[in-house]
Each structure stands twice: as structure tokens, then as C-alpha cells.
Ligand code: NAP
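Only one chain is included here, represented as C-alpha cells and corresponding to the form predicted alone.
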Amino acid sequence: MSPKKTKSSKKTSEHRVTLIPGDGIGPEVVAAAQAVLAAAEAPIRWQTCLAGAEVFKKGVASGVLPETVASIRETGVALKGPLETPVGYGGKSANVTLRKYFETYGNLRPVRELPGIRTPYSGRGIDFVVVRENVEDLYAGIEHMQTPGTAQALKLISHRGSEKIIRLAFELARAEGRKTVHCATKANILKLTEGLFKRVFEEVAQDYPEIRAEHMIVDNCAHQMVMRPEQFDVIVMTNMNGDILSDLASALIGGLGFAPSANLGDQASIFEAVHGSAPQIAGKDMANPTALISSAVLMLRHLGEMARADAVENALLATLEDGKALTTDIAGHAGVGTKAFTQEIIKNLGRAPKSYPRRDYKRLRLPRVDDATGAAVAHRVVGADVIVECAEAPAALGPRVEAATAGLSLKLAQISSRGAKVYPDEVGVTPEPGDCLRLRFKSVRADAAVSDAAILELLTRVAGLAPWVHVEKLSEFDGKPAFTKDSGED
């Protein structure tokens, strides 16, 4: 959704933007960004709204006021200070709540060496963007205690969600003139979930022939990011992988205090610094506003204010390069306060850094993805996995299950514990004691589909032996198994 615009008295397009000051140092760094944008004559009319700790204290479990949601829905754009997630009261993170409300599926984390900020990687020309899927994966937050001693989390990866974030990564490469997109997954182990992400990447890459597409196992990506970070242009990842490696990446250029981010969605986009609320220095004029100002630069480019974005970014970079008035987290005892650093940036508007390579940015086009997800032509249920709460030895449980389910159209194929086959035991496996086992049943006839009625009858009989806590159908799509095998399974 394009940001709504109105006409100002100066006959220039004015952008309405929701402003969330945040908690801790949030109001200070937000005020710094506002001051710099005002000095750069960015045509923005702010709508100030609340979220975070103060809202939790009002008894709002989401940490977000309804009027804040309404404002973002109206403006389509928000600039947000860091929000605190209180301990002992309130509900889930207000940050996560906002991302879920507005389906901001794409998280962009630019990682670029900054002038005047010394790190072990200085001089190596680090300049890449981590593109992280932002709403799926384990971060859907769907967890259960299957038994008192075993927990599970559902890792949800969809074709549509994967396609949206992967296309966004390629569109970003086009907008910023980048040559390579890496896709980092754990598809060697998680062959269906991470494997789906990899397969969609390979499909989408064909629509961007001018951009080199490379897949990399995510642990190797972490290794390469430390060894040779300058090799990367764009890296696209699922949610958890992207969360972990984007924080690693920010350490290469000086830490979270320099890390901006954009949360992009079709309904609205939210721009924020990655760092926390740092309550220990709140109100002391000590906060470094670099990350929030850089996030405001991303917001200006999103709004199409390319020249003003360049002007603000150049003034910030020139200030860092000069090193005359830097905050104490950079300069130590010789440092200045937040307000003095902000005034130095404003003084440098119209300047550009002398030793910093310029990048030409075009406005990023958010991708559109069709509703169709390439559904399989044929779907057949061939069995069922039944998870039971049971501390009985598999060697004892197996024969009892076989006897109890005799005569059904499903038969016990095996019992597994934590993904390893433990019954029938052909190799002498001694499973770790636990209270959760998975019973895999398959159709007695290889050519016959399994009905819901057959699974319900199966569950009734299994329940007479051990409480079942979860069931998953075993499906074939277009004749291919849509489930993984256990270690030791034929």
C-alpha cells in the first residue's frame, strides 16, 4: 500500500507518518531523527502515538493502543523508537504485535562499513543487506507441551511467504544495483521446511537472470560472514536464521547501535533501530541516534524522497568521518551528548563524506505474489503419525500396539523417539528414557488411501494403551512422500 499524501501550503507532497517515541532512550533518539529530518526539509507531518511500557501499564496486554493501530492503518508508515517488553506484567512484545498486525513480512537490515567507526573489519568494504522473512517460521510462536517432559514448536514455512520475501530480496538487489543474492538455509537437515524455501528461491531466481543467485548452508554463511563478509551483496533467510545472522552482521560494522531496519508489508511499513531501550542511560543525553536516523533514511527512500534521504545520510556519514562531535559510546570521555551530535549532523547538511563510496538507490518496488501456490495435482493420505505420552519401553509397547490395532486398514510400521527409529530394533538401539514416543502407522495396502474414519478408529484403539497427544496425517502429493523419514527408517 502506497503511503497516503496530502498537499501542504507550499504545494509540495506531504507524507503523514505515525511516530512512536518508544521507551527508555526512544524519545531522545526519535527527537534527534525528527530534528534532522526537519532541517533537511523533509515534508512529513507526524502523528504521535503510544506503544510499549506505558501502554502495558494501562492494562493493554498487546502493548499497543487501538488508536496507534488506527494511525498506522491510515498513514501506512511508522517511525518507531525502541520498545520495552516489561518483565512481570504485560503480554507479548509490542514490537512483534505491530509486525503481526500489519503483516510486515520483510525485514531489511543494511550492513555497511561506516566512516570513523573502527572495527576489526575496517577497510574491507563491507556492504550488504540481510533480508529476513519476518512473520513465519518458529516465530509464529506456536508451541505445545506435548507431555510434561517434551515440548514442541511448529516451524511453519509457506510457499507464498517464501516467494514474497525472496522476490523482495531480488527487487532490493535491482533497486540498489547489487549483483548477487545468496539464500542461506538449513535445507540439508530440514528438507521440507528449509527445503521449500530453497526450492522457491531457485524458482524465483529464474525471473531475475541479471542477478547471480547462490544457495549456501546457513552455518557456512555464518562462517563466511566472519571470514569474508565483503563477498556478500544480499542474503535472504527464513525468520530465525535471519534474526541470528543479522545481529552477527551488525557486529561487523560496530554493533547494534549502528543498525537500522525496515519492516515492510503490503499494508504498512515500520522503520526502527535494532537496539533496545537502554533504560540505564535514558534521559542523560548519552544515547547515540545513528541507528534511528539511518532508519529514517530508509523510511525516506520508501516514501520516494530519494534526494532528502541522500542529504540526511551524507550529513550523518560526514559527521562520523570528521569525528569532531561523536557520542560517548564512540569517542569515550571526549564524546558529546545526543543533542550536540544531532546539531553537528544538521550543520553538515549539504556535505558528503570524502572517503565513502556513493551508492545510487532507486525506489524499492514491493513484489506482488499471486494467490496460487502451485498446489499438487493429486493428494493421497497413506498413513498417520500418532504421538503418545508413554514412558514404556518401545520393545514392550510395540507388540501391544500391534495387537490392539490388528484388523485395521493401518498397521504399525515403527516407533521413534526424537526422530530416531527405536522399534522394531534391528541394530540394538538403546533409546534415552523419555515420556513421548511417535507411532508411525501406514496403510496395509500400498495402493489404498487412508480415510479419516480409519484414523479415528486407530486413535480410539491407541488411546486404550497410552494417551495420544497429537496426530499428523502422512500424505503423498503427486505420488511423492510429503513427510520425512526417521533415522534408521527404510
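If you're wondering where the values come from, they're calculated on a predicted model, not measured in any experiment. Residue positions are given as counts along the sequence shown, with the first one as 1.
Keep in mind that the form predicted in complex with the ligand is missing from the display, and what follows is about it.
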Exercise. Since the chain is shown here on its own, which stretch among 287 to 295, 71 to 79, 315 to 323, 163 to 171 would lie within 4.5 Å of the ligand in the predicted complex, judged by heavy atoms?
Worked result: 287 to 295
Seminar exercise, completed: If we test each of V131, I345, A184, L83 for a heavy atom within 4.5 Å of the ligand in the predicted complex, the one that passes is L83
Exercise. Considering the ligand in the predicted complex, which of G335, P279, G195, P367 comes within 4.5 Å of it through any heavy atom?
Worked result: P279
For this session: Would you please decide whether A268 lies within 4.5 angstroms of the ligand in the predicted complex, comparing each non-hydrogen atom pair?
Result: no
Exercise. In the predicted complex, does H275 have a heavy atom within 4.5 Å of the ligand?
Worked result: yes
Exercise. Does I25 reach the ligand in the predicted complex if we count a contact as any heavy atom within 4.5 Å?
Worked result: yes
Problem set entry | Exercise: N95 in contact with the ligand in the predicted complex, heavy atom 4.5 Å | yes
Problem set entry | in the predicted complex: members of 320 to 340 within 4.5 Å of the ligand, any heavy atom | D329
